[in-house]
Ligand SMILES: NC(=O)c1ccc[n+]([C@@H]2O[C@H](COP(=O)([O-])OP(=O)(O)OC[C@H]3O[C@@H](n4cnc5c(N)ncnc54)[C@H](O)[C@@H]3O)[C@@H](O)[C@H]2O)c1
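The chain that follows stands alone, in the form predicted alone, written as structure tokens.
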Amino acid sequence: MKALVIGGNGFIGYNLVNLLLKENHQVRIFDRYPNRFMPPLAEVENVTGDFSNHGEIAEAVRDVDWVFHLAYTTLPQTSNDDPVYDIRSNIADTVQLLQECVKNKVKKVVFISSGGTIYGVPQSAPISEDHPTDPICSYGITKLAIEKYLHLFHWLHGLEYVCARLSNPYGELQNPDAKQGAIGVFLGQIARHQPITIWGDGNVVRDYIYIGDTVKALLCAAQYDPAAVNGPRVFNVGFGEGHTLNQLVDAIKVVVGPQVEVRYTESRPVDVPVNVLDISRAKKYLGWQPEVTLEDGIGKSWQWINSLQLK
């Protein structure tokens, strides 16, 4: 198959591209920037462009079988600051992408949604895909709206799709200077001999999944044929277990040693108290399940962080 990975030079995208190549698929990357940690891959068609440029997107979608949509302009913690921008830059441009996918007879769109924000404050945990969706940030609302547009385009035009509601991916190539991604940021702070900063009291519970397991789920989603089994098109992708931030710090100390300083700051209103995903649907229909434990994944991440020689 020939795959277009929109946002293919990002953390998830670059790892996905490497897996696609390993599985002998052709790959085209569409991104505004190169990967900040790795050189361009010679065996990949690299296209530099802006997701908001409809002409560039129209060109990028030509002659591909699968489209992985990973590009997004906002983050959960900042999306409420300018929800109009969130709407314009994500929903409208994604609808334009879907129109091009229909024109070019794309076989499958895999959309990277958000298991961490779509459900809002959970009524129960672990959270299944049938849980009510009441996001408390604009980021979650726009992700949910795009899921609905994918359903609409399937209904109207037969465009096949899968929505992958990710929990909290971590691992190699995760930017230690980013504004999200606790494990990558924490390890980056430790590598620089800085204290870890935790929002709130550290009792917020999250579901962390290693990036290698994450991209395997995305490939399984592309290969999955929901029509053949009358199956669902929305899947949670996580480890299926929760850890508090304090437990996460304890797990990090096992890998890097006890010399970790932690500072606590005021909690944030966008942080729901618990978010752990029920992944039984993905196991059943995608034939996928995570394999890398939190401790092993932190070890892999720490090894990569050390290779950056941060100062």
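As the structure is a prediction and not an experimental result, all values here were calculated from the model. One rule holds for the numbers: they count along the sequence shown, beginning at 1.
Below, we turn to the form predicted together with the ligand, even though it does not appear here.
Let me know the one among 50, 59, 63, 261 whose heavy atoms come within 4.5 Å of the ligand in the model of the complex, would you? That would be 50.
Just one of 167, 94, 79, 142 has a heavy atom within 4.5 angstroms of the ligand in the model of the complex, so which one? In short, 167.
Quick check for you: of 282-290, 269-277, 245-253, 50-58, which stretch puts a non-hydrogen atom within 4.5 Å of the ligand in the model of the complex? In the other structure, the partner sits against 50-58.
Tell me, yes or no, whether residue 70 is in contact with the ligand in the model of the complex, where a contact means a heavy atom of each within 4.5 Å. Contact check for residue 70: yes, within 4.5 Å of the ligand in the model of the complex.
Taking the ligand as it sits in the model of the complex, is residue 297 in contact with it (heavy atom to heavy atom, 4.5 Å or less)? Outside the cut-off, so no.
Residue 301 near the ligand in the model of the complex, any heavy atom under 4.5 Å? Residue 301: no, not in contact with the ligand in the model of the complex.
Answer with yes or no whether residue 113 is in contact with the ligand in the model of the complex, where contact means some heavy atom within 4.5 Å. Close contact exists here: in the model of the complex, residue 113 approaches the ligand to within 4.5 Å, heavy atoms only.
Taking only heavy atoms into account, state which residues of 1-32 are within 4.5 Å of the ligand in the model of the complex, ordered by sequence. Contacts from 1-32: 7, 9, 10, 11, 12, 13, 30, 31, 32.
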